[in-house]
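Next up is one chain by itself, shown in structure tokens, the form predicted alone.
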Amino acid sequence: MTEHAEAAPRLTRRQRRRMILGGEYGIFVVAVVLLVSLANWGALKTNFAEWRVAKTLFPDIITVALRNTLLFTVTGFALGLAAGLVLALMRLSSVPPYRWFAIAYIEVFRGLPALLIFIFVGTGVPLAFPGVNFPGGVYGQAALALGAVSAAYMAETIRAGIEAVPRGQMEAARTLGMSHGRAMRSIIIPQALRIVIPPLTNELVLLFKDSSLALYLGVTLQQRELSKLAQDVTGQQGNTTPIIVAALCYLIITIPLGHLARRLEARQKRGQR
């Protein structure tokens, strides 16, 4: 027996990294195997993947629910973008009351849940202004609620985009004899909107999901969006398959939009290098 036992060889950093990575893969595989083996797939299929129930959703889930969801989203986004631009300009204004109003609006509407905004639009606004009818009825209410929520977020996004435009752009425009307002409309705002296209695309995805709150406005059968239709058919059939079908419809829209936002953001980063 030697006087000093040979020291065990030390692992290199790459070997340790491989061992850790192998352990993480092993944990993941074990978790998946346990999940698959313990789940009651028969009950899941019966309650969440019943083709007989799924067929009852068509064609209404496309011609009515998805159409209304898209309509709520697009009108709410347009209203929110317009209001957000105005709020961003007010936020940057040199007139204190404009800045105070914009700051108060942004802080309040970013701090409130969207559900409360929908409830207020559906019940509070008619009480506050009796006899005043929304253009388009429920469609107008949904657009107002979604626009009010998104305007607060878009305002901060657009403000950041305006501030990201180099100040030399404004100085060059003023040197050419442009007024401040014309320079903002012709030079600064178009550049700012190009900068903020990726986050605005993400906001469109959020609005698409928030459109499900339109059910709190008291929609009719022809005004139902995806979540409301799925909820109604689930109650009628006593089966939750409609929830899965509605979820797939949401994913068909949101996944490509999310991918588009990432592509636009990556392109923008490459353009800044």
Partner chain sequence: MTTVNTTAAVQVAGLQKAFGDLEVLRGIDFEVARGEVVCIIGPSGSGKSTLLRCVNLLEEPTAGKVYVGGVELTDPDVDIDAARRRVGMVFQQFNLFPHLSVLGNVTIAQRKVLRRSADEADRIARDNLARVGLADKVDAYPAQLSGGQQQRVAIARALAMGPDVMLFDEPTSALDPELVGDVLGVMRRLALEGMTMLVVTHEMSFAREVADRVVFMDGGVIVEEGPPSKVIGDPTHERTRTFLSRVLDPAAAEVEE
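Residue numbers count along the first chain shown, from 1. Note that the structure is a prediction, hence the values are computed from the model and not measured.
The following text describes the form predicted together with the partner chain, which does not appear among the structures shown.
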Identify which of 113, 124, 135, 190 has a heavy atom within 4.5 Å of the partner chain in the model of the complex; exactly one of them does. 190
As a check of understanding, the residue in 71, 79, 160, 178 with any heavy atom within 4.5 Å of the partner chain in the model of the complex should be identified as 178
Look at the stretches 88-96, 138-146, 190-198, 105-113 and give the one with heavy atoms within 4.5 Å of the partner chain in the model of the complex. 190-198
With a cut-off of 4.5 Å between heavy atoms, is residue 83 one of the residues that contacts the partner chain in the model of the complex? no
Residue 119: touches the partner chain in the model of the complex, heavy atom cutoff 4.5 angstroms: no
Residue 164: touches the partner chain in the model of the complex, heavy atom cutoff 4.5 angstroms: no
Residue 172: heavy atom within 4.5 Å of the partner chain in the model of the complex? yes
From first to last in sequence, which residues of 198-215 have any non-hydrogen atom within 4.5 angstroms of the partner chain in the model of the complex? none
